[in-house]
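One chain is shown next in structure tokens, namely the form predicted on its own.
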């Protein structure tokens, strides 16, 4: 990133790590097709399997349970479209790549904190036949709210169901352990943690039979056709290795985030309600803030002109700034009809000075609304 600008939109995409770039460039210069039987092909295959082992070690799963995909959206689609037509429920605050998969999905409500309404989930589990499929993300991409996935998995399994967990925003920011979470399927993405765009993975426990979305040469144990993107996979594994090894930045950004929130709450009259998910467990890097009376679009333009890059929520809506379904689900009628939130998300290359500048810009914008 240019030093002339401040980048606070890591939940949309993180800047590429230097170690990832170097690892990818080295591999890009070699002719790699893992399906070829000659020495170069075998070397490519060996490289992929080594990366698969590295990813598996960090996620506490088996290497053969990992399916490399083009990213989190494909991983979510593969998980939810390939297990048959069983009853399907999703948390109402899920990402669009989960919400849009089936038109007959039951939307599980959330509490004002953003946490899943467990009573509503259990009521649905009790009235539908098993097996059923439930999808709940580990950490929300807009608010950073962390769901109690282990508790949810236990409940779903009690009624004979399967749990899919979208961990795209969580992986690299908090520990992600398949064994502890108890999910049957889990999606992750590379570019959220400093790898390249175009690479992700779906982890499927217990060799559950999968119907591939992409058919072809039988790659990924027949679960996803197409020649594997060796440089992207190498960069992906490199990023996960770096994120698991380098964790000090997480606590730093948590301290800076908390200080930022305390300051703007005091500036706005100690109103904690402007921070979505404030009373729930959250990712250390994320703050989702409302500014009533000033639309997200106006706020984003104001900050962009001040050389600050933030977002108005999910970055997966083709550039549109529309009312957030996450905000509506959490606040109900209090959400209003216009999107008025801004999401600030830090990462491995953020600084305390960045947040000080953002704080001053937010307060200046707020003062114009009062």
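Numbering follows the first chain given and starts at 1. Worth saying up front: this structure is predicted, and the values here are computed from it rather than measured.
Missing here is the form predicted in complex with a small molecule; even so, the following discussion is about that form.
At the 4.5 Å threshold, heavy atoms of residue 277 stay clear of the small molecule in the model of the complex, well away from it. Taking the partner from elsewhere, residue 87 is found to have every heavy atom lying beyond 4.5 Å of the small molecule in the model of the complex. Heavy atoms of residue 72 reach within 4.5 Å of the small molecule in the model of the complex, making it an interface residue.
Contact check for residue 257: no non-hydrogen atom falls within 4.5 Å of the small molecule in the model of the complex. Figure note: of the listed segments 101-109, 230-238, 260-268, 135-143, the one touching the small molecule in the model of the complex, with heavy atoms no more than 4.5 Å away, is 135-143.
When you look in the model of the complex, the only residue of 193, 78, 168, 283 with a non-hydrogen atom within 4.5 Å of the small molecule is 168. For the options 219, 296, 97, 82, the residue carrying a heavy atom within 4.5 angstroms of the small molecule in the model of the complex is 97.
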